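Below you will find one chain, with nothing else, as structure tokens; this is the form predicted alone, and questions on how it binds or moves follow later.
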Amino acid sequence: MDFAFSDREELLRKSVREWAEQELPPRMEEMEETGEFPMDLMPAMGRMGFCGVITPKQYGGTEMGNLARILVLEELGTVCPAIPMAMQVHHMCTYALVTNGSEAQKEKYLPPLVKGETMGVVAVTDPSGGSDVAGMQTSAEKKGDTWILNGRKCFITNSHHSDIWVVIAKTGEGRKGLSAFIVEKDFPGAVLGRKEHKVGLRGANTGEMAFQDCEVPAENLLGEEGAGMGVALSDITNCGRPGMTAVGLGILNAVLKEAAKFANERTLYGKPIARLQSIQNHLAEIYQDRELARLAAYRVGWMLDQGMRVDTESALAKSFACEAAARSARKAIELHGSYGIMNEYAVQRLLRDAIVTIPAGGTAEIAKLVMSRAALAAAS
């Protein structure tokens, strides 16, 4: 692995950082209050190439790749983690279309997603439980040239801001009993449910989607009938978990920045608290978490760009980065003392944001299950 970024990647990182620092802070208070994503920023992010970073050029994307995607999400997350949370789910939608869509589907749906004219959604989780994909109750039955969907999806990021939904539904029994569909929000029977009020990542809209005899044209089957499990697992492994890793990494960058700034400015006993060994220990541990998360994130991005499998690596990176973000944010609050629990200081928001990343994109327990299989295989 080459640890030196190309000139293009360095320029991308710099441009994302400058854009985020200029555009996002003025929106963050409203995002915290309303829980809504600032949709007016989407066209600008489309023009900047954020929306289509892993989409082929023939559909309007930049095709820069997975490591570039990690950099984009990391830099956005260093300023406002809710933005890359929404963006990484948007990427999951484009990834599912690129890897499974027909040429007609790609030509129809990818350009508006890449331009930021709408947001993308991937809806896998049923109220019965997101980890039990095979046990979902949302179903689809074919009648003539139409699929009829019934059921409900919950905890879906971008739910209320998207026109294009990739939905996994039950079409049979067993592992090959799931199929994927492209649902437009205006299809008859597609209904938006409640909006959730999360403790963190407030600006990444999350809500329910319902299907009441929802009519989906037969040509909107994504991939083959019975291939839905593969669509879902590939999307989560190759796009969702790396994306969540980058969100966690962005939070860690912000946590380290806020903690070091406060330690240098806060004076006790006639000197900055940065000179106290206990404070230095906190800073060292936060720095350690950030650097290890960065290595894990970049490795996954690089491996994906080489066409390598990342089943275990993406689970490891996501689990570590998100747990580390929460752990380090708590240390930063302790470093701030009573200031750390005041709304005026960013560290309390960063802890709330970090906590939300832990179950998103696959729970920590599922990640450990994936890693345990690799551990057991190592002994054979």
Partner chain sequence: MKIVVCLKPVPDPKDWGKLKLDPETKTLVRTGVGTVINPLDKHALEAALVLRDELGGSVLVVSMAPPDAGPVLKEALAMGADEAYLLSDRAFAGSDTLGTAHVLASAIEALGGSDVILCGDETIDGGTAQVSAQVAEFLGLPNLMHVSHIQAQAEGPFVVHSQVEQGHLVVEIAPPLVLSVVKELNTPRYVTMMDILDAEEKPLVTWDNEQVCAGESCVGLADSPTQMADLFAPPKKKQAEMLPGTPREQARELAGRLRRLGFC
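Residue numbers count along the first chain shown, from 1. Every value quoted in this text rests on a predicted model; they were computed, and no experiment measured them.
What comes next is about the form predicted together with its partner chain, which is not displayed.
Contact with its partner chain in the model of the complex, defined as a heavy atom within 4.5 Å, holds for exactly one of 204, 72, 113, 121, namely 72.
Heavy atoms of residue 53 reach within 4.5 Å of its partner chain in the model of the complex, making it an interface residue.
Contact check for residue 370: every heavy atom lies farther than 4.5 Å from its partner chain in the model of the complex. Contact annotation: residue 49 falls within 4.5 Å of its partner chain in the model of the complex, judged by heavy atom distances.
At the 4.5 Å threshold, heavy atoms of residue 12 reach its partner chain in the model of the complex.
Residues with any non-hydrogen atom within 4.5 angstroms of its partner chain in the model of the complex fall in just one of 32-40, 62-70, 327-335, 311-319: 62-70.
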